[in-house]
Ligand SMILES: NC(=O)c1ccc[n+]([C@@H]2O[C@H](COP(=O)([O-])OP(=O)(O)OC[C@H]3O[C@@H](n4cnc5c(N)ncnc54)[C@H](O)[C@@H]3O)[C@@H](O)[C@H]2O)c1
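One chain is shown next in structure tokens, namely the form predicted on its own.
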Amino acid sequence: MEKVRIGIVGTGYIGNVHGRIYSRDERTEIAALFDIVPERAELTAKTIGGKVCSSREELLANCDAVLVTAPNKTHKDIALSAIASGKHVFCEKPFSIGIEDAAELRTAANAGKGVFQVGHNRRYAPVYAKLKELLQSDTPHSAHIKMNRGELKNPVWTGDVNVTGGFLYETTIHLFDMMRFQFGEIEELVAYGSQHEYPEIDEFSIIFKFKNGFHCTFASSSDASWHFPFERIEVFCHHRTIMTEEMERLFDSRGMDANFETLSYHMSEKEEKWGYVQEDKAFIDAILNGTKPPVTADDGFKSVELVESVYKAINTGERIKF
């Protein structure tokens, strides 16, 4: 069997996470690397191999599948060129910045001949896969969700809107996708936001109503300190609460008494615990089997649509209906 040749555009933290995983997968080989800082790509090549390319065009000539792991604002252009070259594409979140760019990329991705998968890794994390499984046998009524960051100082680019597109794109979008994955499509939202520490709206309170009648509150702060868990979903069912603590633990409290079950994943390797290994495997599975990837361009578009709708709700004071 010929190996799928992987090209990585952007060899920062997340490019290296995916690169290390693919360097261990016997179905793939790291073939080409490109970064606008060549020294970064050279460092990556020393650990996982691959030809360091001097341009994106050279990278495209030397691979079958492209990982778009460069800064947020560059995702659309890199992904479009990879689609136009007939490549399979794994595009890290966010799918794109802004609804027009997201619509353009969605159209191209859906018309492309290769597999196109979006990197919403949380869907594969064992904690969230377990939550999904538990909710199949119960009817959730409502939820409270939070996704905070401790700061936007380290790394420095996390506080630069010109790189991230905004705080919701950088952090909160993970759990915007997770809401759809767990609870279905959203019908309307109301949002409030304010600005405190950083030169952008950095504090959010949102209420979501879903098409199936489910509803939830969502809080997201950019400067909440790194209090554990910075990410949590509490789901309320009939005499039952299911609660997650980041990708570490899940608590399931059922019935009328105070007993609850704890499932812990803290001994798993981070790359599996956070779902990176599973999503990377799913991408290659889709390529080799000719099947649809589990997180599509349509999913990517919908997460961008949610981000933009929350910003619009805050800026206009409107209730947004889908």
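One-based numbering along the sequence shown. Please read these numbers as outputs of a predicted model, since none were measured by experiment.
Here the subject shifts to the form predicted in complex with the named molecule, a form of this protein not shown in this document.
State the residue from H174, R106, K76, R180 whose non-hydrogen atoms include one within 4.5 Å of the named molecule in the model of the complex. Answer to the contact question: H174.
Of these, A70, A31, I284, L60, which has a heavy atom no more than 4.5 Å from the named molecule in the model of the complex? For this set of options, the contacting one is A70.
Is it the case that V37, E92 and Y276 all touch the named molecule in the model of the complex, with a non-hydrogen atom of each within 4.5 angstroms? Yes, the whole trio is in contact, each within 4.5 Å by some heavy atom.
The named molecule in the model of the complex: contacting segment from 189 to 197, 113 to 121, 232 to 240, 207 to 215, heavy atom within 4.5 Å: Among the candidates, contact is made by 113 to 121.
Please tell me whether any heavy atom belonging to G300 falls inside 4.5 Å of a heavy atom of the named molecule, as the geometry stands in the model of the complex. No, no contact at 4.5 Å.
Is there a non-hydrogen atom of I14 within 4.5 angstroms of a non-hydrogen atom of the named molecule in the model of the complex? I14 belongs to the contact set for the named molecule.
Given that the named molecule is not shown alongside this chain, does E248 nevertheless sit within 4.5 Å of it in the model of the complex, heavy atom to heavy atom? Contact with the named molecule, no.
So in the model of the complex, does V9 come within 4.5 Å of the named molecule, heavy atom to heavy atom? Flag for V9 set to yes.
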